[in-house]
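Below you will find one chain, with nothing else, as structure tokens; this is the form predicted on its own, and questions on how it binds or moves follow later.
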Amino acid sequence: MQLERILQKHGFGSRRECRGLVRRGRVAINGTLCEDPFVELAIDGLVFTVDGVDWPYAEFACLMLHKPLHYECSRKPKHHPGVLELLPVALRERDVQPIGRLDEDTSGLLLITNDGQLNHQLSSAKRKVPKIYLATTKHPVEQELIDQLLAGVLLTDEPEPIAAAAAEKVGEHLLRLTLTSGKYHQVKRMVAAAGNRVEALHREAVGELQLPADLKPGEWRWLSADDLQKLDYSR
């Protein structure tokens, strides 16, 4: 694939703008400066550099973000900054979007992509992809709370009780909850229906993919092949 096409595909502007980047000496291929925008490159394992930043060739942009508090998971945020503002412009230009949403007062693992198939797999209610949350509660976590969440609680506007896939006490005021559905404010509403209140909420994992301990709030990274395998719910 020609270099200018690769750059355009990865969000660095129109073909004309990408040719300009190359001709101004701002692009390197596998560490070597390249000034020919029409050079044909093998895309397998390709790493190109723009303004000193390395970019792996990726057919789709598939990312994980440690969502901080007070950010909205919306392309058109209303009251707080949007999570996409935490990404480089080139990624935003690839029309990436969050897979599902976390409330502005919820932190943790957020997946972002422009791969429609991956988005559908992880968002579809039929797949029952587990999401694991750590909730800080106002009142102590009692066994009765755990039992109610596992048995199912009735939420307003829902025809039937909804049960957690797993629930455990991990501290006096800490509850780990696993859900396989994605209702509006579901964790908060379920805990409230069971007689307690969520004071803080953090998502630890989606499927088998856990938020890396070394990924700080506001930081992002590419999903590796191993990460994507952990998120494979096409079966």
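Keep in mind it's a predicted model, so treat the numbers as computed, not measured. In this text, residue numbers run from 1 along the sequence as written.
From this point on, the text means the form predicted together with a small molecule, which you will not see here.
The candidate site formed by T106, Y133 and K188 is fully in contact with the small molecule in the predicted complex, as each residue has a non-hydrogen atom within 4.5 angstroms of it.
Heavy atoms of L102 reach within 4.5 Å of the small molecule in the predicted complex, making it an interface residue. Within this chain, L201 lines the site of the small molecule in the predicted complex, having a heavy atom no more than 4.5 Å away.
Residues with any non-hydrogen atom within 4.5 angstroms of the small molecule in the predicted complex fall in just one of 180-188, 52-60, 24-32, 204-212: 180-188.
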